[in-house]
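Given as C-alpha cells, the chain that follows is alone and in the form predicted on its own.
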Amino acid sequence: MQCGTSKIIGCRFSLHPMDSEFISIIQGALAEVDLSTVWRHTDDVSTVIRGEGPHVFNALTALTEKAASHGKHMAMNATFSVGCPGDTAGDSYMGIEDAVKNEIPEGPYVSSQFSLYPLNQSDYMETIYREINRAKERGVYNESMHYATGIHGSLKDVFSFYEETFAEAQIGEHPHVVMTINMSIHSPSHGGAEHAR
C-alpha cells in the first residue's frame, strides 16, 4: 500500500449541542443542509462525509453553522484525512465540479484548536510551522499550546483557514495528511469575545 494514491477527502465529526433538545438540533442540521455532493453515513457516535475537498468542507461548515444558529453552547470535533493507504475507492462522490451547495454566513465567534499531521513527509515540521504562520497572516491565530494550535474568529473565517491549510499541507508526490479540530461556539467562557469582533 502507498500513501497519496487516494484523493478522497474524508471527515468524521460529531456535533455536541449543550441543550436538552440536542437530538432535534443535530437532526435538523443534517436535514436542512444540502449534502448532495458528499457521501454520508451517520451512526450512534459520529457522522462521516467523503468526497471532493471543497464539498466536504462546505458541508461541515454549513452543518456546524446550522447547529450553532440555535444560540446554544456547542462543541464540534472532526478528523480529516486524505491519502491514507488503507482507504477504499468506494463510499465517496468524486469528480463533482459543481459549485458548493451551501451559502455560508459569517457566523458566530468560534474558539478552536487544531493539530496537523503531514504524514509521509520527512520535513513535516516545516509544513506545520508554515501553516501556523498562515493562521497568523489570516488573522485567526489565537495561541500556541501543548499538542495543538489555537485558532479563533468568525465561523466562516475559521473554516476557510482550515480548508486552505489542509489543502496546502498536501505536498509531495504521495501526500497523506490528517488534521484534527476541536471547536467551541457560544461558550460562556468566551467572555464577550463574540461581541468584540
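These figures come from a predicted structure and were not determined experimentally. Residue numbers here begin at 1 and follow the sequence given.
Below: the form predicted in complex with another copy of the chain, not depicted.
For the chain shown here without its partner, which stretch in 161-169, 129-137, 30-38, 58-66 has non-hydrogen atoms within 4.5 angstroms of another copy of the chain in the predicted bound form? After filtering at 4.5 Å, what remains is 129-137.
So, Gly71 and another copy of the chain: in the predicted bound form, are they within 4.5 Å at any heavy atom pair? Gly71: no contact with another copy of the chain in the predicted bound form.
Another copy of the chain contact at Ser154 in the predicted bound form, heavy atom, 4.5 Å: No, no contact at 4.5 Å.
Taking 4.5 angstroms as the cut-off for heavy atoms, does Pro105 touch another copy of the chain in the predicted bound form? Result no; Pro105 lies far from another copy of the chain in the predicted bound form.
Interface membership of Cys84, another copy of the chain in the predicted bound form, 4.5 Å heavy atom rule: Looking in the predicted bound form, residue contacts with another copy of the chain include Cys84, since a heavy atom lies within 4.5 Å.
In the predicted bound form, which residues of 13-34 put a heavy atom within 4.5 Å of another copy of the chain? Heavy-atom contacts to another copy of the chain in the predicted bound form: His16, Pro17, Met18, Asp19, Ser20, Phe22, Ile23.
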